[in-house]
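First, one chain by itself in structure tokens, the form predicted on its own.
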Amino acid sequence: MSRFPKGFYWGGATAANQCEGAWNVDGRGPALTDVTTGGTVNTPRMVTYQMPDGSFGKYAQWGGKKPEGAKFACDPNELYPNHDGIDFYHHYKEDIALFAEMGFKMYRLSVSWSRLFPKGIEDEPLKEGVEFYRNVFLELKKYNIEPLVTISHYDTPLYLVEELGDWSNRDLIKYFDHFTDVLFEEYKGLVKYWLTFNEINCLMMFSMFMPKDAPGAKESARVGLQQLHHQFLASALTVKKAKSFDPNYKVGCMLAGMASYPLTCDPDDVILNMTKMQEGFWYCGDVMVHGEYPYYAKRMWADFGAEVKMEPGDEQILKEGKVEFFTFSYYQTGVTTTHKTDEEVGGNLSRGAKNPYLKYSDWGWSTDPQGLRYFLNEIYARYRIPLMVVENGLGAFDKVEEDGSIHDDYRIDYLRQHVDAMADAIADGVDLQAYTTWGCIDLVSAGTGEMRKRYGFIYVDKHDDGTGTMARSRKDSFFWYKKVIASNGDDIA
């Protein structure tokens, strides 16, 4: 018997803002990523703005904010990697053909909200945007590749962020509701699986990576918790109405897999890790799967001095909009401790103690395939609904040889270990239905804005200085993954 069930969805994942490019083509409006520069593992990405006097300024993507009176704007002296991405907008047929050559059963992609509604508030969508995604879905259907569509993947129209206060404003729920109405109506028969918000728990990153007594930590928490409440409602309303558009629609959630261990067996470390996992992961999962705030929510709100404002009927909306399946990203695990440590690491916007039992990448990310098996078991034990691993991969430097070949054995080794871990979890009894590796084709890194941090099976000739031909080529991992899919996960040598 195969280690993976018949009909298992093998594939890959991307996000519109990181790969589409064409940022101002055919009427598309800007998103925050379009005013965000590139960075590195040691230097943050910067968000740029313009002052009333015409001068430009910038602030760090995480933790900064623009001065009063400033407006988000592109500085002509800065480089914005998301503007071009890898130009999937004009290369989607070529890219999907390459996915099909590998044997993809599923392709996870996102829809750019501002490609359909430039400001997010319009009554009617742009026809060009609607038709672009229709053509993408038709191209996938031609190859029998199932789309898994993320509705909101760090791509809120800039107008909603700047003029309406982002998700702190409850009005965004109605605009999101209209957006999803259009998606559900336009793409009946082309899309079956939908995800509402990408890594929704990232609004809780402050609780995972900032001490509660750090400057601004509690204020960030209060803002994030209110924004989350509005996104929970928007997600629940989306789930609730989906089958009225198409009985075949299935709507799931998507969380960042912030798995962590206590560094020591000191009970204080165990309790600290428990609360970190509650705040950073389980809180969002519990609301979206169980349809109500968890038992520890009030304690958690009190810890941050937060008061989540709700309106009559909100609790009923959450109950009626429980997701049907659970998806998450998984790259690494972290550790938590109450003790001082000599070694710290940083990766994926986080810093923390180093796990002495794991190896780390050039970007400070640990490799922990056993952690994936553990995490799959923990999630399934808690929720008992179908699971999908929708992001997993290794960002690394790739060298193009003189003959054009790319030997990425390190990537194959990383993925091989995680395929084994998933097989073990399935043998444990976990209902795992899909695996879509992150950045199946090279794209712009969300955290650092780099191209040189490559994840793909497909190399894209695009570089951090903006140069490149956009030509696609196959890495060694392309042929390895093709073999994995053809054998339904049995041949991973």
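When you see a residue number, it is the position in the sequence shown, counting from 1. Given the structure is predicted, the values throughout are model-derived calculations rather than measurements.
Below, we turn to the form predicted together with a small molecule, even though it does not appear here.
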Answer key: of 179, 365, 133, 107, within 4.5 Å of the small molecule in the predicted bound form (heavy atoms) is 365
Please tell me which of 155, 391, 408, 279 lies within 4.5 Å of the small molecule in the predicted bound form, judged by heavy atoms. 391
The small molecule is absent from this chain, but in the predicted bound form, do 199, 438 and 448 each have a non-hydrogen atom within 4.5 Å of it? yes
Taking 4.5 angstroms as the heavy atom distance cut-off, pick the stretch from 458-466, 52-60, 439-447, 34-42 that is near the small molecule in the predicted bound form. 439-447
If you check in the predicted bound form, is residue 453 within 4.5 Å of the small molecule, heavy atoms only? yes
So, in the predicted bound form, is residue 193 in contact with the small molecule at a 4.5 angstroms heavy atom limit? no
Contact of residue 331 with the small molecule in the predicted bound form (heavy atom, 4.5 Å): yes
